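Just the one chain here, laid out as structure tokens, in the form predicted on its own.
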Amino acid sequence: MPEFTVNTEGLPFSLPYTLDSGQAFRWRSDGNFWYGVVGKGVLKVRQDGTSLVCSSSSDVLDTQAVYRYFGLGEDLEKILASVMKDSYITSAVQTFYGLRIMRQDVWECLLSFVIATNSNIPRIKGMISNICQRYGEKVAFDGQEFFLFPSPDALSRATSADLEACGLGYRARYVKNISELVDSGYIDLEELRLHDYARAKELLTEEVLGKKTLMGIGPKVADCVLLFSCDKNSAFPIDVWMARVLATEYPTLFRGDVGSKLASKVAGQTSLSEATYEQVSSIAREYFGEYAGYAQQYLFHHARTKND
């Protein structure tokens, strides 16, 4: 069980704010430590002043991997200074200072947010846990059993009925479709990192003959994947929490028809069409700038925790 320390001196970082902000679904706290499945291994980590005290089940999960995973190479002070455009976002930043955008495995992040569609975090964690236990590799670590995230091959060979039995419901066919396309090599998820935000989003949401190539991936799921695993810091995912924040705290940004549709979404009367979603997202990205994704995450966590 390799043990190591990651030095975070001079780097604003809050482990609990980051891990508990809805970016990833496979972390749990146990006393002072957090346990999480990261890629091909299990990571145990606690924050001790200006250090992260870590141990892992794999040599691959080393200092460099942890540094990258928690986005510690980003100049957080510069980023947050650039997005603090008003008193509301400033309050969110001050409350959760040190929250960073994580850099996750693209495959796991994509499937996780497809599974997360129209659900809450406890249920999302349950569904992901079910597929990992059924199709993932078992790892013994620190006296406990963990399961790695299933490979595209493992999930492509699962039947839709078996996936439904994991609690996925209608999402089962989405998981099956995406797994088959990735396993066959038709889709190269790592390629998304190489493109700019607009092109990468286009690839995730493209249609062929009027049908989605990757089923279950709308603009919100695409934005989550691009922000949390593909280094696209301008991506601005909009769910019901964000719609509520934008409608109530930033009404002057969204006027006319766009504002009306946003208000209708918040009231639960309609959902945002893809066209309206893109309009709202574009306005938010223009307002907050190149690090709009960071603004989104602070606003999202602030709104969600206020209502806990």
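Values in this document were obtained by computation on a predicted structure and should not be read as measured data. Start at 1 with the first residue shown and count on from there.
Omitted from view is the form predicted together with the DNA, to which the following refers.
Looking at Val60, you'd find every heavy atom of it more than 4.5 angstroms from the DNA in the model of the complex. In the model of the complex, the DNA stays beyond 4.5 Å of every heavy atom belonging to Gln144. Although the partner is absent here, Phe13 is not a contact residue: none of its heavy atoms lies within 4.5 angstroms of the DNA in the model of the complex. When the DNA is considered in the model of the complex, Gly185 lies well away from it, no heavy atom lying within 4.5 Å. Across the proposed site, Pro122, Val221 and Ser271 without exception bring a heavy atom within 4.5 Å of the DNA in the model of the complex. Tyr174 is the sole member of Phe96, Phe149, Tyr174, Tyr197 with a non-hydrogen atom lying within 4.5 angstroms of the DNA in the model of the complex. Annotated contact segment (heavy atom within 4.5 Å of the DNA in the model of the complex): 22-30, selected among 247-255, 22-30, 65-73, 41-49. Of the residues in 88-120, those that come within 4.5 Å of the DNA in the model of the complex through at least one heavy atom are, in sequence order, Phe113, Ala116, Thr117, Asn118, Ser119, Asn120.
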